[in-house]
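This text opens with one protein chain seen in two forms, each one given by itself as structure tokens under the names structure 1 and structure 2.
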Structure 1
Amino acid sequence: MAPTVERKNINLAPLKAANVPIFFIVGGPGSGKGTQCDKIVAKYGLTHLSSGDLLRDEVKSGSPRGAQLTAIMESGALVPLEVVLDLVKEAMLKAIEKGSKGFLIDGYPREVAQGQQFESEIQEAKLVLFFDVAEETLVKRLLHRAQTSGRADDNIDTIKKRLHTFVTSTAPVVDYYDSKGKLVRINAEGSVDDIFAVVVANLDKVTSKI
């Protein structure tokens, strides 16, 4: 039986009251989500929250919640929905306290249920940016990054499992938001700057009021 995950009571009132725009950033492992988010932050000043970074920070903190996550992440599977959502909520609240004017939630949602739960508990995403990259390119990028990243999941066996999880669980997220008219599909095979130009063209249409 899966272990019971520790949950917290989180007061979302300040986050809801702020009602700032939220963008989901979706794509396979190594599709360039983090790379593009860094550039988006520099241009638009939004708050970047990577679900993977939040989970890795939780593991590093040595908390009981973190201890349950290591094995899941090293297997390339998804951690339970509630754990990720709680970490994202906590990070959003901290950022709102500091005056955040909007969020890039990177690596989230990774399954349709995550998106539905987030939107029912917090608020709807304005857009979902999907970085579309062929599996062969993803593997090449991640193996290259593995030479220096020190990430426990940047090895060929775990990369294959992460790709499998992406195809089975996250690809339906893309179809789901496409059917809601919120998906921006971006071919992310080109150079970082060429991809960013497409990102900017799409964000400029909706961020004029930020």
Structure 2
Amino acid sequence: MAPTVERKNINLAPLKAANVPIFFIVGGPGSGKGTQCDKIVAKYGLTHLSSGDLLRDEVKSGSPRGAQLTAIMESGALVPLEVVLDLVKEAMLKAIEKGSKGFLIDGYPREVAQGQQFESEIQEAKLVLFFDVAEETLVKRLLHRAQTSGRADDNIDTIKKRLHTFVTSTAPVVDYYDSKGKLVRINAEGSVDDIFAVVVANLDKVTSKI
């Protein structure tokens, strides 16, 4: 049985009162969403949160919760959705205190239930930006990155496994938000600036109040 993580009681009143726009960012490894998020932050002043980074930071912090998360991951189990959501909530509250104008939640949701839980407990996302890239292009980009990154997971076998995991878990998320009329499918095969122009055209429609 996987170790459990003690959950905290989090007061979301300041976050709900702020009612700032929230955008989910979805795309495979190598889709360029990190680069686009940096450009979105620079233009719109939004706060960029990555659930993966929040998990890694908590583990590194040496906190009791971080130790529990380490135990879960070492056992091969997945970190519960609720725990990831708690980390996201805490990061959002800190950003709201500093005057955040809105959020890009990167690599989120990884499954439909995760998005539904987020939206029921916090608020609905304005849009889901899906950076759509052919698998062949993703493999090429990641192999190119591997030449300089030194990352252990940038090899052909691991890349193909990561892409398979992404496609199988994310396809239902894409379909779900598409059916709700919230999905923006962005062809992310072109240049960084061309892709960003499409992003801006879509964000401008819903961020006029920012």
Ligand code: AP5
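Sequence positions of structure 1, starting at 1, serve as the residue numbers. The term rigid core refers to the most C-alpha atoms you can superpose between the two forms while keeping them within 1.5 Å. Here the structure is a predicted model, which is why all the values come from computation and not from measurement.
One chain, two forms displayed separately, with the form predicted in complex with this ligand being the first of them, structure 1. Superposition on the rigid core between structures 1 and 2 places the CA atom of residue 62 2 Å or more away from its counterpart. Residue 180 is not among the residues whose C-alpha shifts by 2 Å or more between structures 1 and 2 once the rigid core is aligned; its shift stays under 2 Å. Comparing the forms between structures 1 and 2, the C-alpha position of residue 43 differs by less than 2 angstroms, with the core used for superposition.
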